[in-house]
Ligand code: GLU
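A single chain, nothing else alongside it, follows as structure tokens in the form predicted alone.
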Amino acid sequence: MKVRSRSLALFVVIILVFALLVPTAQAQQKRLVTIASGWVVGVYYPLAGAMSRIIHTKMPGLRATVESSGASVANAQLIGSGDADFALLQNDIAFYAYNGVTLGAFKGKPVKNMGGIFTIYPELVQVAATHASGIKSIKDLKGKKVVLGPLGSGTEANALQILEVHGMKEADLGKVERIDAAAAADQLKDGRVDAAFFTTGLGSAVIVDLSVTGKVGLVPVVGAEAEALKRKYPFYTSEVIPANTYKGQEREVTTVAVMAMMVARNELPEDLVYGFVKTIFENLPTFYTAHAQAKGLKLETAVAGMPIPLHPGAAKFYKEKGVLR
């Protein structure tokens, strides 16, 4: 009987130890989420990387991996398909995607499982042209070799809309390329194209790199055409690129811009997204080290220019902070 009692006692101890270890092992498991960013040479990628690092160190139950992508349009599609959990994209593209309008990629095919998280900074449409091309205005692009941006990207949409208000179509250009930012920069440096559109933050690495060559300048988007663009597409604003932002840029250049923003899949739990947003705002100094444009993220302007409904987790956070009523 004593042997049986000892065996039974040992069995009970083993069960208790196992019961204690299982929750510990489960607690050590982290939920994995993905953040769709953009070009490695753009602004989205370092911002997403900073968010991933903050989450890794400050949210023990969550791990975020960053995926390079074709940026705005591709990122909205990744959210829609469930292949990304969070994504950075332009606010105009978010509007088109959510409402299923304007762009061929979304027309009649709305991405309704996308919730807003926060807006961050203005993304300027920076049109770079080689000095050798003689291009000084958008109308000078006629007959030239031009990169419109990656196929299906937000940059491509911006380029076509800008051409439209200048009374031009794609067919008016001499040759059109649809390639990513890094490839476009290489072709500009080599003189294989005359100009390229880049929708990206002020001080973006790709424009900095181009300016160092001394072969490229920026083309303004101004005047009646810019005003017509803003009337037709109200997401646009006019922004100034201050003189000396880039090497050799001695004068300020005015262009148009949209807003960079963060979205999440609405299927993500409210508490997960709430924790994500809360953690980022509690660690803004760390986020700001990622890139100069990161400093555009502020609690008081976090929903400015928000074109779609907020994710419930984000809405809960902003209500607690008094940003929303």
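Computed from a predicted structure; not experimentally measured. Note that residue numbering begins at 1 and tracks the sequence as displayed.
A second form of this protein, the form predicted together with the named molecule, is not displayed here; the remarks below concern that form.
Chemist: Heavy atom within 4.5 Å of the named molecule in the predicted complex: which of Thr130, Gln90, Thr119, Gln126 fits that? Just give me the one.
Modeler: Comparing distances to the named molecule in the predicted complex, the residue within 4.5 Å is Gln90.
Chemist: Name the residue from Ala257, Val43, Ala64, Val277 that puts a heavy atom within 4.5 Å of the named molecule in the predicted complex.
Modeler: Exactly one listed residue reaches within 4.5 Å, namely Val43.
Chemist: Can you check whether Ala71 is within 4.5 Å of the named molecule in the predicted complex, heavy atom basis?
Modeler: Because a heavy atom of Ala71 falls inside 4.5 Å of the named molecule in the predicted complex, the answer is yes.
Chemist: Quick one: which of 296-304, 269-277, 33-41, 48-56 gets within 4.5 Å of the named molecule in the predicted complex, going by heavy atoms?
Modeler: Looking at the partner contacts, the answer comes out as 33-41.
Chemist: Heavy atom within 4.5 Å of the named molecule in the predicted complex: which residues of 147-184 meet that condition, in order?
Modeler: Ser153, Gly154, Thr155 sit within 4.5 Å of the partner.
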